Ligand SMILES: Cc1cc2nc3c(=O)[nH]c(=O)nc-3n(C[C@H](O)[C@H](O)[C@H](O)COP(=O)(O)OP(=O)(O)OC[C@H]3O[C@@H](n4cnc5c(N)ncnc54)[C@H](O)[C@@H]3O)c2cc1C
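Shown next as structure tokens: one chain only, the form predicted on its own.
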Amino acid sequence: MRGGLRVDGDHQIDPRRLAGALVAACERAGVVFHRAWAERLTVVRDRVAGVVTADGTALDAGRVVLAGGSLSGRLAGVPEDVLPPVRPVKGQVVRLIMPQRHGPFLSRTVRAVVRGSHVYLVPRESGELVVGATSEEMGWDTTVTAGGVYELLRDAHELVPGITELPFTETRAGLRPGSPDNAPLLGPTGLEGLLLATGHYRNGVLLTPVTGDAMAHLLSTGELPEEARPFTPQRFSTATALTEQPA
């Protein structure tokens, strides 16, 4: 290794457990969940009027927050000129089990660049070790490939050679929501009542708290907080308009 940094304040969280905890907390606070897919946005007189779910239920709302991850640009009924410019970016991960007999195999998160590729090893309290993640522009493909798994284990082995002796439990491929500049899309769109919270690319779970705070502030006051203003969806429509002006 050429060098490294020890960051004692670096933390990690299990997204699966976090999602379950957030749902439970919301239900305790009185939030009502409609678990059918949102199939179509309802628009009346050039403003949002609600959504229709896959089971045919019509839900009326004066404002809708579109936070559909990589699928955010595929909600029917959204006018083409305000569809979020979000693309899917494939990421493969590998999950292993660490032995607990002689203390922790790895006690802190390790992040590195190996052969130009980013790799991380994240130990969980449960004994799971997550190795990730590839970054592939493969459209909507979610196939786990031998090459992807090989590259992850190869690069992880460069950092922690003993990793190849660990039991193998799971592989998975997911789709990140990437925007044209790989930064989030937060705030109002050109359609009145339609708000975006998507495009977080590789940092979705990391930016969950600040995104929630920003959208809550917007919904309650009508204004985006200062830290979210550089990430409004209008930054792309403005850039497009400037490039399309005649010389």
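The structure presented is a predicted model; accordingly, all values stated were derived computationally and were not measured. In case it trips you up, residue 1 is the first one in the sequence shown, and so on.
The same protein also exists as the form predicted in complex with this ligand; that form is not shown, yet it is the one meant from here on.
Open item on the list: in the predicted complex, does residue 166 come within 4.5 Å of this ligand, counting heavy atoms only?
Closed with: Taking the distances in the predicted complex, the answer for residue 166 is no, it never comes within 4.5 Å of this ligand.
Task: Partner contact for residue 203 in the predicted complex: this ligand, 4.5 angstroms, heavy atom - done: Residue 203: contacts this ligand in the predicted complex.
Task: residue 194 within 4.5 Å of this ligand in the predicted complex, heavy atoms - done: Residue 194 lies outside the contact set for this ligand.
TODO: Find out whether any non-hydrogen atom of residue 179 is located within 4.5 angstroms of this ligand in the predicted complex, and reply yes or no.
DONE: No, residue 179 is distant from the partner.
Open item on the list: Just to confirm, with a 4.5 Å cut-off on non-hydrogen atoms, which of 149, 159, 75, 98 contacts this ligand in the predicted complex?
Closed with: Looking at the other structure, the residue within range turns out to be 75.
Open item on the list: Which residue, 110, 175, 82, 114, is the contact with this ligand in the predicted complex, using a 4.5 Å heavy atom cutoff?
Closed with: Going through each option in turn, the one that passes is 175.
- [ ] With this ligand left out here, work out from 185 to 193, 32 to 40, 55 to 63, 217 to 225 which stretch has heavy atoms within 4.5 Å of it in the predicted complex.
- [x] Answer to the contact question: 32 to 40.
TODO: May I ask you to list the residues of 50 to 82 that have any heavy atom within 4.5 angstroms of this ligand in the predicted complex, in sequence order?
DONE: Counting only heavy atoms within 4.5 Å of this ligand in the predicted complex, the contacting residues of 50 to 82 are 67, 68, 69, 70, 71, 75.
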